[in-house]
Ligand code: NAP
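Encoded as structure tokens, the following chain is the form predicted alone, with no partner shown.
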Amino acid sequence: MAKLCVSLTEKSAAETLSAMRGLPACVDMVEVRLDYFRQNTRTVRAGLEEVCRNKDRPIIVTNRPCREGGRYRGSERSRLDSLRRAAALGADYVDVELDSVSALGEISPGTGKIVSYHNFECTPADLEEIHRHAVAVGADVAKIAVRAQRVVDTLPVLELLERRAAAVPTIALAMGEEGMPSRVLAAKFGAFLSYASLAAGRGSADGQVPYREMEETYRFSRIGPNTTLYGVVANPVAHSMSPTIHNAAFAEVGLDAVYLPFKVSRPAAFLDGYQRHELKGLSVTIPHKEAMVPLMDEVDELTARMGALNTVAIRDGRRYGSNTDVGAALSALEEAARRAGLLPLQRRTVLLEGAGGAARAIAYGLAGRVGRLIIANRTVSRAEKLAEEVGAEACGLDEVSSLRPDLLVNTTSVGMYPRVDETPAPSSVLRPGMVVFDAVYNPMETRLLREAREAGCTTASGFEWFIGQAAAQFEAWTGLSAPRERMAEVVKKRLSSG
């Protein structure tokens, strides 16, 4: 199993030891970054001795020069001396750059030599040759860290691990947001270790994930060769709560699976590449909901009519596309209408605000199910286009105050964090007995919902919709009943923690 190593970027030995002792047992080792120590030869030497003498788990000592992405600015002789001294003091490993290993020479027996190569610009085509070179010059562990310009750049990195890690202990990772999956999947592909940061914003390299997230969200220590792969495809993707909710669901039912955020620019290349590596399902969001449809082997009738999907299931090499947004939104609306005594919906007027992807899903779901559907949008032409597709009416947002709908549905981002003081509807529209549904789920009670509740309306938040569509995805992928209570619990915790 791959080890989890936290890279410590503290400024002194005392701070390093304090941070080390505060780490849980799931952190197998730490990297001590001497180049982050206050730059004074005497204090660095004394600090190194203190850390080696008092370490509570295996350590890697690194003193990375500026030319290799580190902070060391002194002489090369002094830098390499610090690594030799670390070995003499009992460090478990020292990390030396591929172009410096010959100058380092022999080190004390018992200390492993990590020979590292870094490329901060791209993922070169000759990873195999670089790996062979590192092994040839005496690496106990060969390390390759490259820049992922696209998420598919992680594939040659992971495939290098798959081919070489069983024969020679190997660390291979892709830096940057696009490279993040390689840090988690290192455990699946047999890496010697993967690096994590002490906390958000405290990493030694771009893309490092905090150790708590590596273990608590992604269950890094449980990932192995047979772990199946799921994820969300989006751009941007860093804000997504989907990894939190789906990984918690996998853990709850005991599935050997992991769900990752994939920042994707070219969905076809991504699908073709990752499908070879146990990819079983995807959530799909902006901007790929429409582009994914022609990449499927099969889509359901509603997805075909909409021309947009949010779910991909891969079974026996075939891709199946569907849209769980629609069913989840209808369920949330119908439940709210039931509580308000407004069923059947065929007798009701629904005002739908917005004309984007969420509005499109709800409009297609409501088409033919309600007495009257009115789509309002700031850009009226977009509302008109969607209304024409589903057989509805259209108007501008400035006309909303003159309408008296039975159900008001907001799919715009107005009122979403951090714009929590804004509302997409004037209070004059709200009246007792109405249903008001806000697709926004952060915050769980928006200004619109608060004012609607105060006006005597029955309300429903985007939270129910989010949980519903995620639960339907889980069931489409696994064939199991989704642990909805657990999924709701982790989202509430995430939202309450900011």
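What you see is a predicted model; the values in this text were computed from it and never measured. One rule holds for the numbers: they count along the sequence shown, beginning at 1.
Although not depicted, the form predicted together with this ligand is the subject of the following passage.
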This ligand in the model of the complex has a heavy atom of only one listed residue within 4.5 Å, and of I107, L397, A332, A313 that residue is L397
In this chain shown alone, the residue from T154, T170, T411, S283 with a heavy atom within 4.5 Å of this ligand in the model of the complex is T411
* **this ligand contact in the model of the complex: V61, any heavy atom under 4.5 Å** => no
If we define contact as a non-hydrogen atom of the residue within 4.5 angstroms of the partner, is R382 a contact of this ligand in the model of the complex? yes
At 4.5 Å between heavy atoms, is P210 in contact with this ligand in the model of the complex? no
Under a 4.5 Å heavy atom criterion, is F466 part of the interface with this ligand in the model of the complex?
yes
Problem - this ligand in the model of the complex reached by all of R378, M416 and Y441, non-hydrogen atom within 4.5 Å - result: yes
Answer among 87-95, 259-267, 351-359, 200-208 for heavy atoms within 4.5 Å of this ligand in the model of the complex: the stretch 351-359
